[in-house]
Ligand SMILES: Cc1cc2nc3c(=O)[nH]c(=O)nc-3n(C[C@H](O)[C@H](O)[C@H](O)COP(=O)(O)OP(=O)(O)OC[C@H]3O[C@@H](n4cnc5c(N)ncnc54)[C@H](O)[C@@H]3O)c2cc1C
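Take a look at this single chain, the form predicted on its own, given in structure tokens.
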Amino acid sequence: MSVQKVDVLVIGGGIVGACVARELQTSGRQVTLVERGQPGQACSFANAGWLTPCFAMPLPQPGMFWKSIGWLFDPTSPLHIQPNLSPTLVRWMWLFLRAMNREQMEKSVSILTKISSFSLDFYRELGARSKRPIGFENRGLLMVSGTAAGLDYATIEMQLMKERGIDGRLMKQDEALNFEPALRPIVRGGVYFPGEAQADPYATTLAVMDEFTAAGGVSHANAEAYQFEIENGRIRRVLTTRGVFEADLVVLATGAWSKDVAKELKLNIPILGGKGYSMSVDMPEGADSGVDSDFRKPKVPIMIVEKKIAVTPFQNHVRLAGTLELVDQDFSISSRRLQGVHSGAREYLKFDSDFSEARDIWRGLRPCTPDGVPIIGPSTRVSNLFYCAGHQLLGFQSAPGSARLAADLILGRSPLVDPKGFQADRFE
């Protein structure tokens, strides 16, 4: 097979890999990106599309232990963990439980908020300059709850974010229902964050790839990295289905596949795939028949707190997304969980379509680290390996900030944020 010598080899063509490749290419490095499928068609394809620093929360949070135990045995719960005694899951769960404390959560929130805020500004500018429409809209985001406990949770999150410069407004029931006529009276109130935005995740990934290649970057689709040759603690060659690459630096941006790719390097990275679902419900602009109609399109993105369901209005449809199944590499589709997302949304929103009318049903694997913080930094064991992976549910909203931090560390620049919380040595 032919051997190609390259400067930087980025493995992974989702939104994170695309952003890292673009950032390094525009900063003076010569980058080649390889993607096992087509860029942007894995977890970056049909997620909720939220650009919401107000949701820069790690997966493990104080008080989640007992919830996790209950959810473990409920296949329709917002977070479901497939019970098994594999060493990988046991290790992941142990680290997950250790991270469930207030101090760890607040540290994580601070760094995730910063890279998410940077990313929001990047996407706003990308939407203004890109020839490819990315659907960027600054509509804000509304958290709603049908219970007192859920409203308390939203209020706590609002206070956490206010301390970090992200403003929210508490709404009682009447104000929430008047503000968003698509809601049903089950809603007892909510919190509105006016600064948040949305975009089409797939179109956005392609727009970032456009800028990468326009800057001279090289991209290879259907190029799966399947073997690494290590020599003297360094990656000498990367064997892919599109040829062999010799790189000065290898960046791992492989999302939920990172654990398996790292295994080929004899490294043990605790990143597991968290399966999420989405579907679309047709609702063209102006689709309603009066204030009391049972068919009304939301005007802003909505988070249903109790159900952990994300609702995003696009031009001719509404995307419903939700659930997290910690399943590693299981791509099967659960009808019960899909119907749970649809019925949960109908419980809170005014739309009358049946589940059978939902289209574009999709599932993807979110790459979850046990502490809810991505790994961004150099390997401590392989000298020319760099990680940018493990972004849990925040990959789309934090990718440009993660890429900037990665490039800062690679190029020796002053880092965007303190890199300590992202370091690989906490797991390697």
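The first residue of the shown sequence is 1; numbering continues from there. All of these numbers come straight from a predicted model, not from anything done at the bench.
Omitted from view is the form predicted together with this ligand, to which the following refers.
Between this ligand and the residues Gly364, Pro58, Pro370, Gly377, the one pair within 4.5 Å by heavy atoms in the predicted complex involves Gly364.
This chain appears without its partner; in the predicted complex, the one residue of Ala345, Ile134, Ala223, Ile269 with a heavy atom within 4.5 Å of this ligand is Ala223.
Using a 4.5 angstroms threshold between heavy atoms, Ala403 stays clear of this ligand in the predicted complex. Contact annotation: Leu24 falls outside 4.5 Å of this ligand in the predicted complex, judged by heavy atom distances. Although the partner is absent here, Gly276 is a contact residue: one of its heavy atoms lies within 4.5 angstroms of this ligand in the predicted complex. With a 4.5 Å cutoff on heavy atoms, Trp50 counts as touching this ligand in the predicted complex. Here the chain stands by itself, but in the predicted complex one stretch of 148-156, 188-196, 95-103, 223-231, 223-231, has heavy atoms within 4.5 Å of this ligand. Of the residues in 374-394, those that come within 4.5 Å of this ligand in the predicted complex through at least one heavy atom are, in sequence order, His391, Gln392, Leu393, Leu394.
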